[in-house]
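The same protein chain appears twice below, in two forms, each given on its own as structure tokens and labelled structure 1 and structure 2.
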Structure 1
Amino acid sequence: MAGRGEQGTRLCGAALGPAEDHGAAPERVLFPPAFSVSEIKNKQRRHFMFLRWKQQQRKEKLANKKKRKKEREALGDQAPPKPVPKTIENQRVYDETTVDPNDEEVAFDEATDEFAPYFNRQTVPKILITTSDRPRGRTVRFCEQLSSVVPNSHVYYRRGLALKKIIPQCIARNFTDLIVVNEDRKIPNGLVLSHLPDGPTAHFKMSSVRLRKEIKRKGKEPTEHMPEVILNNFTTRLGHSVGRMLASLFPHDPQFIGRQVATFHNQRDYIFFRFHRYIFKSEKKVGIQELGPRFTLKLRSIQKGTFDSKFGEYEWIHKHREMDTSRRKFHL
């Protein structure tokens, strides 16, 4: 093919260019003719050249790897330790709001915020779980299972009532938290968690909801014992607020007899909720059985007072185009 032949010679020309450079005097710098595969107009030929380039890259990479392995074996014991592979968690951009455990100002802020009565053991959590209006079967079952997992919680049918009217009634009946599971197209997809007397309201996106019957290798139903709570990886100031909010749903004193544990694991701004029963087979070996629903939450916003969609002030709101510019920056 004449075309390919031409490109063949052009490539050789390109290869010779730099070689000439080394031989020639340093002042006469010969730039190779600028050639890039993307300039070929014919798609078939372009694709062929690209595949050839890719194969070449792969070969070089393999050769490099082999060389490094040989060097490593040659060095034997004096080889430098294997470099740690880069992951997104490793490369996470350092967040300046990361809480230092010795920080007095943050400690004072947390000791006097809206959750202080819970953490000082002055109030006992009492949760009201409801849904958006006219929920379908899946959401109803999810709410029932959620209420079996969270102690001292009550599920009520929404009846089309406005949240702003429900909230004063809840406060009058001594509820401490309100959970509203939002449903769209027959699956639950959002969660509004409002701490009641005047506390912050968090709005989450909920995904990957699995009911008890969809979980493989599950155990029996959760019992009435108070579960333990594990909060993983909430490092920034915002993460601390969210962590405290989730922790205040559960009563303070877990009953270890029940061997049940609820875990909120934060990774890359997604919060994974799991409910397990554990048993210690020996000093170091634990067996776990997953019970209960599982779901994933992503924080969308935190409002300062109770739920107020029109006039509320936001403590934090996720702005997608401004905050999601870097794949290595996380907020929780």
Structure 2
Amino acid sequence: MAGRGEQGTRLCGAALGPAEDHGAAPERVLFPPAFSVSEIKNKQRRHFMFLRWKQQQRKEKLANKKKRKKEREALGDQAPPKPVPKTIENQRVYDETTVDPNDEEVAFDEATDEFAPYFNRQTVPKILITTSDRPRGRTVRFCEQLSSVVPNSHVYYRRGLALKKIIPQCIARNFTDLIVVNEDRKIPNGLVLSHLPDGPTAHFKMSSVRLRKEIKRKGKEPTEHMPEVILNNFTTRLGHSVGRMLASLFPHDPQFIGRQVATFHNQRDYIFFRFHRYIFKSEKKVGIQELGPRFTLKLRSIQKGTFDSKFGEYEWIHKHREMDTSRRKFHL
């Protein structure tokens, strides 16, 4: 065993070179073609050599990038197009339900679904935000900040009432949507969105909740202007319906003078919410400030009609073992 340790140390010393014995780091380390860090027995030396190898890889990658950039500048307009990197998103498995904007069936569904009165500007959104029973401070603060993002929204606390009793009261008071924020271990972990009076109802898993005070380099408090709404990557029929449900929470006519934007970005079936204010630095440059809060949603189910956990009919349910068989298959 002692012979092996000495041999591993000698290998490391030979690879590092004599400069390492005096504490001076060489400018570049040339590793042999068949070099393997795992062959080094000494743990400290192995870790050090791995860091040096990673540093050399980064330098070579940066040098190649600069070389390609100079070649493209020299060729000018004759330069070949940049290669598109392979990602999970652009290798997505084709979905038959992908929405075509010119599809007559899709246009008919949009004109006759539950959200058509909103998009036809016949109704104005009025939102009720409530919580689970006995909410903790973090959930209460999140609901208050969410109400400052969604215009014409009101926060009320459950006080032991069941949702089946709350929904008729909301309909009688002309609320168009009901948002219920659930929590577990004092952390918001779920969101139920029910469109009134006829549904549908969506259940989301909520994660990565950040309040305003937890966001670095945040802007000032949001104003009462109606924000713009941006929906990204809701491409399938299911994603199209979810996007229309989220868009119907905000008034149809934004006030651009407020320069506030609410973004729902779908990536790999995770819906990331961000609330920003953009600032014009010059005629060509625009900066943004995040106002908060931020959170991430994951669709669990869509139910026809309003919330009914016992007799409700579900349009779509996320079944983990059946639907998550491929990393490149997405549903929204």
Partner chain sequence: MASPARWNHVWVGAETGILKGVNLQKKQATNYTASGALRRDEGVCAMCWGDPLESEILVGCLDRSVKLFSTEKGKFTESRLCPGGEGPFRGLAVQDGSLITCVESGLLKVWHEDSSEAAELQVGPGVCRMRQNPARPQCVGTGGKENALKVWDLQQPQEPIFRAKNVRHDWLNLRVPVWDRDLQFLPGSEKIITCTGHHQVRVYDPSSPQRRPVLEVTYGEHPLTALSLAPGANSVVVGSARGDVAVIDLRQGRLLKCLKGFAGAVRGVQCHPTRPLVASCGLDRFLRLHGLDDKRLQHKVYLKSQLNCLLLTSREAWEDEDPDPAKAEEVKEEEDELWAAMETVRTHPAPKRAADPGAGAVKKQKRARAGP
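The term rigid core refers to the maximal set of C-alpha atoms that superpose within 1.5 Å between the two forms. This one's a predicted model, so the numbers in the text were calculated from it and none came from an experiment. Residue numbering: structure 1 sequence, from 1.
Annotation: structure 1 represents the form predicted in complex with its partner chain, while structure 2 represents the other form. Comparing the two forms between the two structures, the rotation angle of the smaller rigid part against the larger comes to 41°. For Ser282, the Cα deviation between the two structures after core superposition amounts to 2.6 Å.
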